[in-house]
Each structure stands twice: as C-alpha cells, then as structure tokens.
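Okay, here we've got a single chain as structure tokens, the form predicted on its own, with questions on binding and movement later.
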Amino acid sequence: MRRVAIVGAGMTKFVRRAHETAKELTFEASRLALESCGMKRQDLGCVVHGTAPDAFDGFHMKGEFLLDGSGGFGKPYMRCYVGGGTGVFAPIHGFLHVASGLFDTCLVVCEEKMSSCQPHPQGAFISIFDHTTERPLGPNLLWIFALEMNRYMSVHGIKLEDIARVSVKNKGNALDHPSAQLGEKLTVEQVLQSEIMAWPVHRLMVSPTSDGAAAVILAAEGVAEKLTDKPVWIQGVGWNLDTAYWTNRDLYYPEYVEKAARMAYGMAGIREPSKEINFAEPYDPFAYKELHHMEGLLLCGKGEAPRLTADGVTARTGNLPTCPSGGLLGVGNPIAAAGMMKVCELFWQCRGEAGKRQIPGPPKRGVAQAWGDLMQVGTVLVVGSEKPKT
C-alpha cells in the first residue's frame, strides 16, 4: 500500500439549529478543507461522504442529495455510515482508496443536521432496536447507556464525581475551540447538581444534539509533499463490529474498541500505546465514555482511567492529553461529523496549529476513536508527523 497523509482540514461551527441546510454545511466544511491546502474541487480524485440516517436530514437517499454539496458531482463518490463510528470510519474509507493506488487524492466530509429531525432525534433512534425483543420496552439511547455506565461504575467502584470530572475538563477545553457549541467553565458540584436524565446520567454528562460538518483532504505520498511541508501521516487504521444485541454482553468493557485499536496499533508498529501515543481523542458522547474508551484504547488498564483524570494526566498539559479539543461534550455531537472533528483535531495538533488548544510539543502521534450503533462499532485512526515505515 502507498503511504497516505492528511494535508488539509476544515469544519463548520457546531450549533443546535444551524440556519444552513445540510447541503450548505457540507459545502462549507469541504470548502474550508480545500482552501487549507490550496486545492480546488477539480483537483480531487474522489469524495467519501459520511452521514447518518436519512431521517435526521429529512431526505431519502440523502447521500445522493448531498453529493454536489460535498464536491462529489461528476466524481467517484461513496457514502458510508456506521452510527457514531462514521466520523473515523469515513477517513478509513478514504485512506484505503488512496493507499490502494486507485486515487491520488480524496476529500472526506462528514455532516449531520440533527435539528431537522423533530421533535427529537431519539424518535429516529427507536428504529435501531430489535422489533421483537427490545422495541416493546420503549428504549432510548439515554437509558441503555445509563445501564452501561452503571455497570462500568459498579465493576470498578467508580464514583459519580469521577465521571463528572470528564465533563468539567472537556467543556473547559472547548472554551478554546472556535467551533464549539457548549464550552463552559464548570465545577464537579455543578455537574452533579444538574438534572438526572436516567440514573446515573446527569444532563451535564451528555453531549448536545448538533448541526455541523467537518472534512479532511487525503493525499498519497509524493502528492502530499507537494501540497504541504507539514503532512500528517496516517500510520494505522482499525475497525471492529460486535453483535447488535447489547443485552448479550457484559457492558463494563468495550471489547470491540480494543480489537479495533489493536488492529490500528499493529499497522502503526505500536507495542505500548500508553507510552507511544502522545495524545488522544476518544469518543465522548457521555462523560463516562471517555474513560471507557481510554481503557478500550489500551491507554491505561481497566478501571484506571478515572484516576488518571483525577490526577491531571489527561489535562491538556498532562502526560496524556485526552480530548484537548473539548470533545463531543464541549464542541458538540452532530453524529457522523463528531468523529471527524476529532480527526481534524489530530491534524491541527500534530502540525502545531491548534491555537489556544495546542498541546506543548507539538505532539508527534495521536489517536482518534469513534463508537456507534448499539454499543457495537469501534473505529480507530492513528496519525503522526513521521512517515510510516511501510
């Protein structure tokens, strides 16, 4: 396979109700990514679009509907979707297109306009549950994730204060992100005093529904060096899909994330992730998920992530900065675009272009991870400033 680098990135503001249509959000993120590396639409070899269920945007076949907004008209084009895992899975698709030699460049754009789904996107999510064994219970994502959070806390003896610290950190980090929806200075006490949505989940432990888009430009070795003197190389990719029957698994540990991470680390030649990864952007739609996913990414042992957070290890100036962007909790959670926001953050951090969010260094290697569907999809991307050996 050819070596592949990220050479440009762009994203819109993440907001609750954007004035722009889904097509306009897609166009804006694509435009910003192209401008960041001095490219034009005609320079693209292909386009990959990541976007969630049609019900969110209110259009059937919305991959085709959004095609021209993302720059895919008249070009090889594909749409992919694996729930919240899409934002990292879409650049994996783009990577494989370029690494295979089929194309020299690829625009990967992810978009979501969740406010179009009325009265609330949870109404669309009900359709993902099994029609016989689960849907009669009237489940929603909040309460099944509350079950998972409770199991995680019970196995390891984790306290609510340990979970609340993640909200405090990420919403604080988001104050420095120009695209953030809910950057805020909070205390642990304020998080725990917020409304209980489904025990033990409090409102300030939940990411907001959002509208927004984010995009990256991928280029093959040789092409990438001509476009920029600071390419950020994709060193490893991984993905894993577990059973959709979440009732059949012990929810205290995300095994599917570990398997995806091991695949990506193996490709990147990483043997000790906690020592060889400089910073991480794990998927954090709920505060406990950052901790859950840190452990699945093998950045610490099982049940150890809360202690690292309490000790400041995951702070922006700590030894393992985690979600320096502000994550989904602070920047926002337009489902498919959320993971792409994290990939953009890897790019900007590794180039030393993250502004007030910049990690000292800058860091040489980072990992982004996304998670989706019914606690079953893990997608992982490792990038760095050094070109992969193979």
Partner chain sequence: MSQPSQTPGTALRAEDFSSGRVITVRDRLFTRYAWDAGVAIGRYLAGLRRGVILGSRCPKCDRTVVPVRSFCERCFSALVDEVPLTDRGTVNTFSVTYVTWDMKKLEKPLIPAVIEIEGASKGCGILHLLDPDLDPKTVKVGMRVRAVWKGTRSREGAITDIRHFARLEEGAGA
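Since the model is a prediction, treat every value here as computed from it, not as a measurement. Residue numbers count along the first chain shown, from 1.
The same protein has a further form, the form predicted together with its partner chain, not shown here; the description that follows concerns it.
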Heavy atoms within 4.5 Å of its partner chain in the predicted complex: which of the stretches 315 to 323, 290 to 298, 242 to 250, 276 to 284 has them? 242 to 250
Would you kindly say which of 168, 197, 158, 267 lies with a heavy atom within 4.5 Å of its partner chain in the predicted complex? 197
Of 100, 187, 154, 193, the one that lies within 4.5 Å of its partner chain in the predicted complex (heavy atoms): 154
Heavy atom of residue 20 within 4.5 Å of its partner chain in the predicted complex: yes
Wondering, does residue 123 line up within 4.5 Å of its partner chain in the predicted complex on heavy atoms? yes
Using the partner position in the predicted complex, report whether residue 271 sits within 4.5 Å of its partner chain, counting heavy atoms only. no
State yes or no: in the predicted complex, is some non-hydrogen atom of residue 178 no more than 4.5 angstroms from a non-hydrogen atom of its partner chain? yes
Heavy atom contacts to its partner chain in the predicted complex at 4.5 Å, residues of 115 to 138 in sequence order: 118, 119, 120, 122, 123, 126, 131, 132, 133, 134, 135, 136, 137
